[in-house]
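One chain follows as structure tokens, the form predicted on its own.
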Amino acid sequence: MAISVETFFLNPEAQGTLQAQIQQMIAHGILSGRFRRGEKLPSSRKLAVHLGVSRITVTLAYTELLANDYLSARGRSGYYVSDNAPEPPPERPPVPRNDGVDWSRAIGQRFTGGVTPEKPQDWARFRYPFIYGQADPTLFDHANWRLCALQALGQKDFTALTTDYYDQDDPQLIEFIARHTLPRRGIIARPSEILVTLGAQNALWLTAQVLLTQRRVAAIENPCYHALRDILTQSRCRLAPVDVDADGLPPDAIPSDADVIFTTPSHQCPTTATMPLNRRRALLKRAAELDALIVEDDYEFEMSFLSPPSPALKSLDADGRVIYVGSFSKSLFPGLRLGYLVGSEPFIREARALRASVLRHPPGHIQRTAAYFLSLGHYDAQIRRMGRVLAERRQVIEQAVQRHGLEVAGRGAFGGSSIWMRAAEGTDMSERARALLAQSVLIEPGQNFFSGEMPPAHFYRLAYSSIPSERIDEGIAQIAQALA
């Protein structure tokens, strides 16, 4: 790789000759790690013109660096960073910069301080990664996704890459969602009632911004998706946590001043409970009595490999009270960040305008690639393949949990990719999770899912989407030993 000539600048206030300054500039680039071994430097003529110095000055600087083994010459090809050049020193923790700004006063609104946990970026190096939200890359159809991406880059679809849709979305993706994806959940929607988002979390953020104010009340499940609670806290609305039971959110416990109700009826997060049909109808009735809206996060409905999923709550909605959140991120691949909102036109119109002011629209090429992947049947084939693998892992993990005497707090009746677990009361699972890292075991403590000042610390979640079947029993044995 060639080093761009634009990266070289002479400091007007620097001391020493021009030749010495050029030598020092290149040596510093090598010692700092910016210039790496084998990279080609600009020609002496090009660098001289760029810096406004004579060519002989640059040539002498290169010659001196050549003699000190910082550079090497390759015939008529030019000068390169030498293979024997000094190695950059090990990275040190960055020294805090002393800004001249008092950021404690300058920042008008804070978004840090939430409870969303940090997950190791190197999770794949752990032998027993019972970690949620990451997946075994072998489960995904990389070959056909690549072919669809190439097709989307073709001349026929070039406008999907080059067009600024402003506040609109790829019409082929919208058509597929409207004609194929939503009818499977019992939902009929027009294109004007669908908005593509950057995953479900972005959809929840847009919804909170449009529907909630400081004077409005949001009823949320307890425990619930921790990122949702962060989003609602940042919106400055009033939160009303409602404890879930074995059937999910109990409608009678929703407070009478609730304006918006957030729920995960198909697969409660994180307990995995599925809301039965009679309770779904009761929830719609309760929302109508309160004149409240319902935001349905149809979380993990695609992972229903044990039995067909229940119809979406939105499919029972007769008066447009339910706003539906769907996502392809977990079922295609987590890094895709592609989801969608479905709701009445007045709501979608405002959400679309807000999205346009923040990010315009998700990239057109990604939308068109997803549209091809879905419409050509690759998505359905992948879901079936993932279902078979997850069903096998689910059986292995349940047998291992029973064999090693661990306690299950919630298991999805339809499937899913995780099991909600409970240790003995008084057990700090955050502390145990840190200790298990030394055994190459990753688990997710459950404390962050709960609202309140003293959330229970003895729950944890075991995901089986990111660990092969043959390692599950060994990993469960390690966890059982840590809890013994």
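On a predicted model such as this, the values are computed, not experimentally measured, just so you know. Rigid core (definition): largest C-alpha set, two forms, superposition within 1.5 Å. Residue numbers here begin at 1 and follow the sequence given.
The next section is about a form of this same protein that is not shown, the form predicted in complex with another copy of the chain.
A.B. asks: Is another copy of the chain in the predicted complex near all of E193, W205 and V358, within 4.5 Å of a heavy atom of each?
C.D. replies: Yes.
A.B. asks: Which one, 181-189, 69-77, 387-395, 264-272, holds residues whose non-hydrogen atoms are within 4.5 Å of another copy of the chain in the predicted complex?
C.D. replies: Answer to the contact question: 181-189.
A.B. asks: Tell me, which of S344, Q399, Q172, S82 has a heavy atom within 4.5 angstroms of another copy of the chain in the predicted complex?
C.D. replies: Contact with another copy of the chain in the predicted complex is made by S344 alone.
A.B. asks: Counting non-hydrogen atoms within 4.5 angstroms of another copy of the chain in the predicted complex, say which of D99, E407, D252, D243 makes the cut.
C.D. replies: Of the candidates D99, E407, D252, D243, D99 is the one lying within 4.5 Å of another copy of the chain in the predicted complex.
A.B. asks: My question is simply whether W145 lines the interface with another copy of the chain in the predicted complex - judged by any non-hydrogen atom within 4.5 Å.
C.D. replies: W145 belongs to the contact set for another copy of the chain.
A.B. asks: So, R434 and another copy of the chain: in the predicted complex, are they within 4.5 Å at any heavy atom pair?
C.D. replies: Close contact is absent here: in the predicted complex, R434 is far from another copy of the chain, nothing within 4.5 Å, heavy atoms only.
A.B. asks: Using a 4.5 angstroms cut-off on non-hydrogen atoms, would S4 count as touching another copy of the chain in the predicted complex?
C.D. replies: Looking in the predicted complex, residue contacts with another copy of the chain include S4, since a heavy atom lies within 4.5 Å.
A.B. asks: Taking heavy atoms and a 4.5 Å cut-off, does E39 contact another copy of the chain in the predicted complex?
C.D. replies: Result yes; E39 sits at the interface with another copy of the chain in the predicted complex.
A.B. asks: Looking at another copy of the chain in the predicted complex, which residues in 189-225 have at least one heavy atom within 4.5 Å of it?
C.D. replies: Sequence-ordered list: A189, R190, E193, L198, Q201, N202, W205, Q209, V210, L211, L212, T213, R216, Y225.
A.B. asks: Note yes or no: does the Cα of L51 move by 2 Å or more between the shown form and the other one after the core is superposed?
C.D. replies: Yes; L51 is a residue whose C-alpha shifts (by 2 Å or more) between the shown form and the other one when the cores are overlaid.
A.B. asks: If you line up the core, does G426 shift 2 angstroms or more at its C-alpha between the shown form and the other one?
C.D. replies: No; G426 is a residue whose C-alpha shifts by less than 2 Å between the shown form and the other one when the cores are overlaid.
A.B. asks: If the two forms are fitted on the core, does P445 show a Cα displacement reaching 2 angstroms between the shown form and the other one?
C.D. replies: Where the cores coincide, P445 shows only a C-alpha shift between the shown form and the other one that is less than 2 Å.
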